[in-house]
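Listed next as structure tokens is one chain, alone, in the form predicted on its own.
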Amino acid sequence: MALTHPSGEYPVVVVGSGPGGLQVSYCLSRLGIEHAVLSADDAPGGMFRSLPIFGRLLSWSKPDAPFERGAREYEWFDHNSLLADDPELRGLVPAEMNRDFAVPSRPEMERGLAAFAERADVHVRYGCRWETTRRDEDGSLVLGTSEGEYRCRAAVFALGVTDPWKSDIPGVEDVPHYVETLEPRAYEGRRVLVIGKRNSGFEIADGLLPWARQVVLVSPRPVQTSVIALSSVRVRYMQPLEDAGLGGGTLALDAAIERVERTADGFRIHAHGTTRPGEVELEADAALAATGFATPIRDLGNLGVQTVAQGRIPALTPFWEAVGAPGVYFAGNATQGAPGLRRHGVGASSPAVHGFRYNARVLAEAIAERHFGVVPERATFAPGEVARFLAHELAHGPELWAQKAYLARVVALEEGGAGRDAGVQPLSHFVDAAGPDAVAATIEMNAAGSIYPVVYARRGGAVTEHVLEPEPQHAYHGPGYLAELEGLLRS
């Protein structure tokens, strides 16, 4: 039996077999781009083979929805499955769910990803660990691995944001990280201090509520309940916050930790209040650092890869190419390193599967066109058809709803009102880059949670913004919206 992806030269090398790597590989294959996929793991799944620690995801999937599971529109209701052109490869995670919860368990997610890899025929060289990277004089990238060297024109690192990371607090090195959290019953009757008030911190608090005597979450910034209430993580957050509001034992303190001391009985922290100034001292039987993760970029900094978020995330262009390192791309939840426009302060959903799966498809198309001159065939529109196409995408396009204000459906405008589908593109690229006359339709949401469609028009190099009125049922393909779109195109 031939060895899967032996060492050697490939047009593209993808590192990682989590959802980001699997999705990029599938999309590259559909575009006819030869590539190798390498993974240090022995099976597909990435971080979902071990995380979240309490075994239940936050992103939801509805086994039954207003659209059939094999339809493109069903992706709107399934935030965990990967994308495919073939209907039988869609919605594989809900097929594994037992419907006890609207969110899958970790094993259900892992089985769904494994089913996709098998049925979509995604070939991976498992047990192959990426170790070093260099760029040769001809511009080629060379990846040194445990199984030999791989040379390529473009490399996609789908590594996730998976390296445990701790903030620079004196004494925090003695505090176990989130990934070292024990079984909940191990904290029975104990006062537990959690450093951090984001997703992993509240996941710990939620899991320990039935066991711990008290859970105290500490970080400088207050929880933005107005934002959390509209997000998929609200379930994890709201129960601990409800317990805190009712005086049930949970505390969510806004304080900057100055140092952590290990004591004979546990931990003592010294902090300074932020929203309410003043010295804060806390004693705890146990402590956990829910301070987040970092992308394991290893030696990529030597190639010029820059970072953001205190060095935790690679800095990326709108098409997820590393800033300072041409030909080096990132997939998966590391794509959050491309900030987008951040309209009203609302970021993209790139940290989650339902966001970065669309990034992966756009990324594969960008690599195919930029490095190999391969452009997918796209539809053309007769005069009068452009408005109907955009209206349908605004109402049903899952890419636009998953990646609000980040991804947009673009149509290039031609003489006489005709058009050509230019695919899904990053909105910031459309707004900032020069190009022929075109329109870009996207869905946006403001800080108050109002959702509405927006059309950007580029004519003669100038871009104008047109905000359409919200519609309670999001029926943006109705006659009124169609007439408004037609008017914008005529003008």
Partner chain sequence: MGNGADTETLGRLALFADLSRPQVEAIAHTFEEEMFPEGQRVLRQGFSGSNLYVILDGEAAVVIDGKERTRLGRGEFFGEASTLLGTAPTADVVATTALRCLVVPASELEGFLMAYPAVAIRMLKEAVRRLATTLQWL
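Positions refer to the first chain, counted from 1. If you're wondering where the values come from, they're calculated on a predicted model, not measured in any experiment.
Heads up, the form predicted together with its partner chain isn't pictured, but that's what we're talking about next.
> So its partner chain isn't shown here. In the predicted complex, which residue out of 67, 456, 60, 54 has a non-hydrogen atom within 4.5 Å of it?
Partner contact (heavy atom, 4.5 Å) among the options: 456.
> Would you mind picking the one in 40, 431, 451, 422 that has a heavy atom within 4.5 Å of its partner chain in the predicted complex?
Answer to the contact question: 431.
> Taking a heavy atom within 4.5 Å as contact, would all three of 224, 323 and 465 count as contacting its partner chain in the predicted complex?
Yes, the whole trio is in contact, each within 4.5 Å by some heavy atom.
> Using a 4.5 Å heavy atom cut-off, which of 342-350, 77-85, 139-147, 369-377 contacts its partner chain in the predicted complex?
After filtering at 4.5 Å, what remains is 342-350.
> Please determine whether residue 191 contacts its partner chain in the predicted complex, using a 4.5 Å cut-off between heavy atoms.
No.
> Evaluate residue 307 for contact with its partner chain in the predicted complex, applying a 4.5 angstroms cut-off between non-hydrogen atoms, and reply yes or no.
Taking the distances in the predicted complex, the answer for residue 307 is yes, it comes within 4.5 Å of its partner chain.
> Does its partner chain get within 4.5 angstroms of any non-hydrogen atom of residue 134 in the predicted complex?
No, residue 134 sits far enough from its partner chain in the predicted complex that none of its heavy atoms falls within 4.5 Å.
> Would you check, heavy atoms only and a 4.5 Å threshold, whether residue 335 touches its partner chain in the predicted complex?
Heavy-atom contact with its partner chain at 4.5 Å: absent for residue 335.
> Is any part of 263-280 within 4.5 angstroms of its partner chain in the predicted complex by a non-hydrogen atom, and which residues would that be?
The stretch 263-280, when checked against its partner chain in the predicted complex, contributes 272, 273, 274 at the 4.5 Å heavy-atom cut-off.
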